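Next comes just one chain, in structure tokens: the form predicted on its own.
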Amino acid sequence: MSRELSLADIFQIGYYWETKILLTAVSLDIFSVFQGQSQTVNQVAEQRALNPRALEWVMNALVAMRVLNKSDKEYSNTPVAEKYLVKGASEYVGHLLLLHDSEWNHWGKLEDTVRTGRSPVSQHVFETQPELGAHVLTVLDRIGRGSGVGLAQRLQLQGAKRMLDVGGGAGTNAIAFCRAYPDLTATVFDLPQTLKVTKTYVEEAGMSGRITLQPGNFHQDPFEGSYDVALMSDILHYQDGRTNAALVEKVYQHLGHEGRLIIKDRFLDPSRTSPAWTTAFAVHILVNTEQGQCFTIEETRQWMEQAGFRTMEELEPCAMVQGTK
């Protein structure tokens, strides 16, 4: 049973200070200045052309947030900052944080969105800032590699020969699935600018002979061929229900007998009040996409039933549903 919120909890929820302090430090690339060494405020300020007085307040706050260390007048990265926030580090996640920072002004218009029902954006940042989008795909690919292996094993795709990965991004799942099932080939369908990133990862994985890249807009452009299994991973929340229903029907037409459509996303429970993270993510989608929203498993099952799928089942609570043709 959850405890009642205190006034301190309310203040903690309501203050966005630490979020913007961290995002600003990443945007200014402060953590890369340290990279294995200590620096004074003046040294950092000189390297980044910043005001020393203002920078010191920010760096002191980062120490309190346990992102930086401070000894006398010198600062250094904590292990977590050294690992994840130094640009060029193998596990750098700064590009994903920069994506959130680029959406900061959209969040500032949440009140207007609630009043009017209209999002402040008409295009996703992947379309308006393709270079940032490419960097974010790189981070998401690295994060998703481990989960992709587990997902492939849980789905038990033995016997499947052809897979369609709709909006497959960097090809993370397609690569993991093909590695898990030697007889499987895959087609990754995504925007042309996205597939430039995908091509690199597919080649690095040695999968060019088994993974085909098909550029296009999956709402407008046709899929090619027939497939045993189709995957739609984390794409539903970018558009409205009617558009998603049409996409599910479109995929259905390209599945063979007993073909499977697997939809993985961030689903809400029937009350739409949990999981807690997803309820906040739904508001994020409200202000950062033109028509997007989060859905329930039941809504997804209805789209599958309307398309003609014979059976539907929830594979993971609030996370994954499957339809069989």
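Computed from a predicted model, the values in this text were never measured in an experiment. Start at 1 and count along the sequence shown; that's the residue number.
Not on display, but discussed next: the form predicted in complex with a small molecule.
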(request) Using heavy atoms only and a 4.5 Å cut-off, determine which of S76, T200, S233, T185 is in contact with the small molecule in the predicted complex. (result) S233
(request) Have a look at Y84, F218, Y252, W107 for me and say which one sits with a heavy atom within 4.5 Å of the small molecule in the predicted complex. (result) F218
(message) Would all three of F126, L137 and F189 be in contact with the small molecule in the predicted complex, where contact means some heavy atom lies within 4.5 Å?
(response) yes
(message) Within 4.5 angstroms, counting heavy atoms, which one of the listed stretches 89-97, 200-208, 112-120, 166-174 is next to the small molecule in the predicted complex?
(response) 166-174
(request) Using the partner position in the predicted complex, report whether N244 sits within 4.5 Å of the small molecule, counting heavy atoms only. (result) no
